[in-house]
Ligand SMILES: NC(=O)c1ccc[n+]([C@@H]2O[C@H](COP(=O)([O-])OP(=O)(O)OC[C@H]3O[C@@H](n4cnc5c(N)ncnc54)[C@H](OP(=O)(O)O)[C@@H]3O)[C@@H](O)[C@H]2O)c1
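Starting off, we have a lone chain in the form predicted on its own, written out as structure tokens.
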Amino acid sequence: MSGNTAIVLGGKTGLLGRTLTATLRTAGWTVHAPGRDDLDISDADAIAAYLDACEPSMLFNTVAYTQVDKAEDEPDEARRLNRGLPAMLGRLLKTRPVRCLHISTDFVFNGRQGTPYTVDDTPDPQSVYGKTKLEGEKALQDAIGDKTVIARTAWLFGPGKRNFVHTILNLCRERSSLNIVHDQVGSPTYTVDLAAMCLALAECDTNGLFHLVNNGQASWCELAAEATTLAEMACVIHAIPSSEYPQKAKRPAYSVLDTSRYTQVAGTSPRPWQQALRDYIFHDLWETELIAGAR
């Protein structure tokens, strides 16, 4: 499908947003990716004027308050972005012919389940971040559920911005060993693949909840070990329990996401995270960022 126009909030600087913007443009979309100097996302009148000027068929919201631990101390600020912005978008899009794809998170689940979470499983967030992201989901669904896709994702790594894998490999340049948590298990996700999944759903006449992650599961320790092995770095990864790496916000111990609804709608399955990680390291990091040094 070509000739579509999109607004990507967070598309100028965000880890996902930048890749999503590039993916849409490659697919023939006209994309507006406003930065802070271009659009005040706290100003409803400014967003309304921007929508009317750009006349998009789709709005992608990749903006969020993602500092999980800091959110415990700044719940109002987290709620302003994670609930307030989606609620505002819902009000504005209700009277406009614009669909919305909103990025959410695995943190909406409590982590006590032993099998991958489906879109039908009941959320039970355990942190301010998770609670405010769930509130944002509900605000959009209540306002424009018939033209909203909620895309939950997790554990992002990808080109152009610092992320867990990038950080681990840079630390391995300086240290002979690292201690990494082994008792948190989730779905590592390559932003390039996630952007392609978002594009596929945008080009479908669909709505509702989707889980968009790479296939498979890993602990943080396993993800770090696989990355250092692929990068051929002589750094020993030691597994430690979460109790030895205390953090203010409670993380789900198990937050693997089931992508079967995406497969049913899009007709394709996400590839394994290990394959995606190889592409990231060899195509994105090895050829550019690691050679150039840490950013």
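The model shown is predicted, which means the values in this text are computed figures rather than measured ones. Start at 1 and count along the sequence shown; that's the residue number.
Same protein, other form: the form predicted together with this ligand, not shown, and the subject of what follows.
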Exercise. When you measure heavy atoms, are L16, V63 and T105 every one within 4.5 angstroms of this ligand in the predicted complex?
Worked result: yes
Exercise. Among F210, Y190, Y129, F109, which has any heavy atom within 4.5 Å of this ligand in the predicted complex?
Worked result: Y129
Exercise. Which pick from K161, K147, K138, R79 sits with a heavy atom within 4.5 Å of this ligand in the predicted complex?
Worked result: K161
Problem set entry | Stretch in contact in the predicted complex with this ligand, which is absent here, among 118 to 126, 171 to 179, 153 to 161, 91 to 99 (heavy atoms within 4.5 Å) | 153 to 161
For this session: Check whether A249 has any heavy atom within 4.5 Å of a heavy atom of this ligand in the predicted complex, and answer yes or no.
Result: no
For this session: Please check if I41 has a heavy atom lying within 4.5 Å of any heavy atom of this ligand in the predicted complex.
Result: yes
